[in-house]
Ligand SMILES: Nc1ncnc2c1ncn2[C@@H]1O[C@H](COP(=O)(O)OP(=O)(O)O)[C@@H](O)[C@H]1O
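Okay, here we've got a single chain as structure tokens, the form predicted alone, with questions on binding and movement later.
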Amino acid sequence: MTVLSVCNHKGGTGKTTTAIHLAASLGLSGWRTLVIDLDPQGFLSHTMGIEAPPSERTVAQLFDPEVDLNALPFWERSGFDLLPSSDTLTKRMRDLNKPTDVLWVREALQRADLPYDVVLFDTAAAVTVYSLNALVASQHVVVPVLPEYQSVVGAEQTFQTVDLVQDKLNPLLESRWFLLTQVDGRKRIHRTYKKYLREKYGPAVLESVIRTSTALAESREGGTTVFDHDPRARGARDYANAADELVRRIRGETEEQDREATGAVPGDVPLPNEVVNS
């Protein structure tokens, strides 16, 4: 199971839109996907048409060691399942102040045997115990970044936080990637910051970009996505391309780790008699 966080300490970067549409893209591609809304404000849950859900069907259950995640009735949405946020997160935050309180979500996932290929976290636009829980539980991080000053600063700070989490709390956190969002090629400032990020971070910036899109900006009701309304829209195509690139990168890293574990090199495939005699 692949665990992925969508994270940026700065708001207004298209973070929740990215979480929804990457999940929908993965689901439409055949990946069984669970989205977990770890933002106490629950904007993703509201966007998906879930208002004030009962606590026993929310992320609050991740912080109860007696709860089996496999027994939870997740909410079905467009291409993915959803474990929505809960207003109890804000109330509980003051009690989650011990160093080990960043481990709740990882331990909950480890106890469960969930039938998903991908678990994707949406997080708050801030460093909180909940966003740290997501990072500690993740193998990969996507940082949506609008190519403008404040968003880029927030994205770089997020990148540093991810490095710190990898170093101190989660050595299994393999990758972090920037995803440029709301890109308007007509704006000089967008071209400038796009170039800056690619020159400074190189392959850590996804080749795919999410361009400005009216279809993405329009509000939807009933828990649907742009793929339900206009699958040929620019935003739908862009997120589908970004999801495909993520899959390629994740698979590439997995194959590289397998080669390192076995001592194989690219193209080092055993011959039939070697298999028989091994």
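All of these numbers come straight from a predicted model, not from anything done at the bench. For every residue, the number given is its place in the sequence shown, counted from 1.
Just so it is clear, the following notes concern the form predicted in complex with this ligand, a form of the same protein that is not shown.
- Within 4.5 Å of this ligand in the predicted bound form, a heavy atom is found for none of 208, 242 and 248.
- Though the partner is left out of this view, residue 58 does not reach within 4.5 Å of this ligand in the predicted bound form, counting heavy atoms only.
- The closest non-hydrogen atom of residue 216 lies within 4.5 Å of this ligand in the predicted bound form.
- Using a 4.5 Å cutoff between non-hydrogen atoms, residue 170 does not count as a contact of this ligand in the predicted bound form.
- Proximity of residue 78 to this ligand in the predicted bound form falls outside the 4.5 Å heavy atom cutoff.
- With this ligand omitted here, the record of contacts in the predicted bound form names 208-216 of 59-67, 30-38, 208-216, 224-232, defined by a heavy atom within 4.5 Å.
- Contact with this ligand in the predicted bound form, judged by any heavy atom within 4.5 Å, is made by just one of 182, 175, 161, 128: 182.
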